[in-house]
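Given as structure tokens, the chain that follows is alone and in the form predicted alone.
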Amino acid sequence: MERLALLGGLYSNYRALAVALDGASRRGVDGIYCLGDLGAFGPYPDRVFPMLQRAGVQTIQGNYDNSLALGLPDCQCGYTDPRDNYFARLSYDYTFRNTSEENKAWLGTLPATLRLEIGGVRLLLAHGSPRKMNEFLWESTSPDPFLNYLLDEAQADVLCVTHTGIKWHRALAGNRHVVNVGVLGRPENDGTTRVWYTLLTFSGSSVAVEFMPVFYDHLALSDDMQAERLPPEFIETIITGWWTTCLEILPHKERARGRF
């Protein structure tokens, strides 16, 4: 049996990252992987880098990481709504100013995807999708034939992504799986302050998927955000668990679960 911990969307939430890394370590995982977007949304982006490196976390690039490494003018987040893009720009500009040149250079060394094979099961880690780093794979708009197509094209049995900020898992025929591992950076628009990471357990050819809640000092994080003068809309999400920004990209079913 082999067990992996998969972390998505850190968004500079070093407080949640510390709790998740401790939890994964106590569960005796065989490896920890981060699916990208180390910065964005939260305070003190440079704090997550040494934590990942000390824990030996293998990390791939998200769209944020790619933009920071290349010095691009925006986060390549994939939003289309002007209000969403306004807040994305505020977040990106803050993160760019507060990420060291050394850490930007390190982000540039990260791969866009990562392939593993465990017990004959082929696993692909990507940020948005195998096709595009900032593609949104939503549960409600990803029918089984489309997911099987992605797996066929990727030559994988298990596909793990993040980017949307909302976790989900689809088990498909033939022992195939598509998993959105969730994010550590902010709550998933469900009115709770917890965040999530994912455990994958491989036993022979079978794969078990478990979503792990992370309870951390969210009020201390909101204090950090206020000290850094981050937008009050971002802070409200951390305190209430409801998204106040990046809402227009949500499909109808996912948005209907939220407050706004």
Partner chain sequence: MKHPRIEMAHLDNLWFQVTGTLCNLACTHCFNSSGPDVKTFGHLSIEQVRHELEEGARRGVREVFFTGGEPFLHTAIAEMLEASLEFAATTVLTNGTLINDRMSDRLAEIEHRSRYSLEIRVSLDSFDERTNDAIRGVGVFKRVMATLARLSRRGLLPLVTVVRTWSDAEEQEILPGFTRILREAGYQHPRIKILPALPLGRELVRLPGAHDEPWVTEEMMHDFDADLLMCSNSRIVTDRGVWVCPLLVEKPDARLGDHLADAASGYELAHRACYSCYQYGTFCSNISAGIEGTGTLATHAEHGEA
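Residue numbers count along the first chain shown, from 1. Because the structure is a prediction, the values reported are computed rather than measured.
Note that the form predicted in complex with the partner chain isn't included here; everything after this is about it.
Taking a 4.5 Å heavy atom cutoff to the partner chain in the predicted complex, the contact residue among 93, 190, 102, 144 is 144. Taking non-hydrogen atoms only, residue 198 never approaches the partner chain to within 4.5 angstroms in the predicted complex. For residue 140, a non-hydrogen atom is located within 4.5 Å of the partner chain in the predicted complex, even though that partner is not displayed. For the chain shown alone, residue 18 is not a contact residue for the partner chain in the predicted complex, no non-hydrogen atom being within 4.5 angstroms. The shortest heavy atom separation between residue 120 and the partner chain in the predicted complex exceeds 4.5 Å.
Listed stretches are 22-30, 216-224, 64-72, 44-52; the contact stretch with the partner chain in the predicted complex is 64-72, by a heavy atom cutoff of 4.5 Å. For the partner-free chain shown, 110, 111, 112, 113, 114, 115, 116, 130 of 107-130 come within 4.5 angstroms of the partner chain in the predicted complex, judged by any non-hydrogen atom.
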